[in-house]
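One chain follows as structure tokens, the form predicted alone.
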């Protein structure tokens, strides 16, 4: 299926770093879900519990100058790209100190200085902007790559196909990361795609494609590294399909009546990427507890930072508005 050759393994030290970052994302997501249920966070909330290996594996393979565009499920991507938990939590609380200065909330996390072109509430909305950015990199002869995250449901959106078509036609340095959590919000693949192997959608445009276990952070890292090198060397874009599992509902409060009874519990026992990596590293209880304490302290500090942040003034709503 793929001609893109995967690179070598990550070192144990790297894997331990990956573990700490995945654990931080997990604890952050759990905390924001808790605070949302307590009525402290406005808007909608979509967490990516179960998909941490996708965010960390891809973002850890990026080089300085590379950029990403995210989805409405963006907390993990934003943390993995380097935004401090304080800035993200402040954004969720609508504070000026937030990474989008309180304008965006959960579904519009931006951090351009760190190469994050933003989360997007429009399904598949990040792909066209990444193609444009990658085209600019090509024109400027810059060794940079644009990465677009999107879900399986987005592969039915017209702009996604337009983006894939133009990216391959122009051979832009882009990597398209499809996080296939198998539900497209609440619809099984059998009801929305006639061909469930989504790499064949890339094949329709002659694009290189790779299908990877999205619960194995090292495998994701290897594949992302290879895909990024392929694009950076001018050999065209890559479609990176990550088979992953969402261990929560589509949104906080989703009753998940569309899922088979017991599915989530079974997946939590067999497909949790944090647990898999912990077991692989053979972490002792003491090592895990130390890493967990560090993650929880960072998250708790971010909540305090957000609560003590600056509320925007009513007239601020008229700023940054263009007609």
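Residue numbers count along the first chain shown, from 1. Since the model is a prediction, treat every value here as computed from it, not as a measurement.
The discussion below concerns the form predicted together with a further copy of the same chain, not included here.
a further copy of the same chain in the predicted complex is not approached by residue 182, whose heavy atoms all lie more than 4.5 angstroms from it. The shortest heavy atom separation between residue 247 and a further copy of the same chain in the predicted complex exceeds 4.5 Å. Contact check for residue 192: a non-hydrogen atom falls within 4.5 Å of a further copy of the same chain in the predicted complex. a further copy of the same chain in the predicted complex is approached by residue 162, whose closest heavy atom lies within 4.5 angstroms of it. Three-residue candidate spot 156, 168 and 204; every residue lies within 4.5 angstroms of a further copy of the same chain in the predicted complex by at least one non-hydrogen atom.
Here the chain stands alone, but in the predicted complex its contact with a further copy of the same chain, taken as any heavy atom within 4.5 Å, falls in 194 to 202 among 173 to 181, 227 to 235, 213 to 221, 194 to 202.
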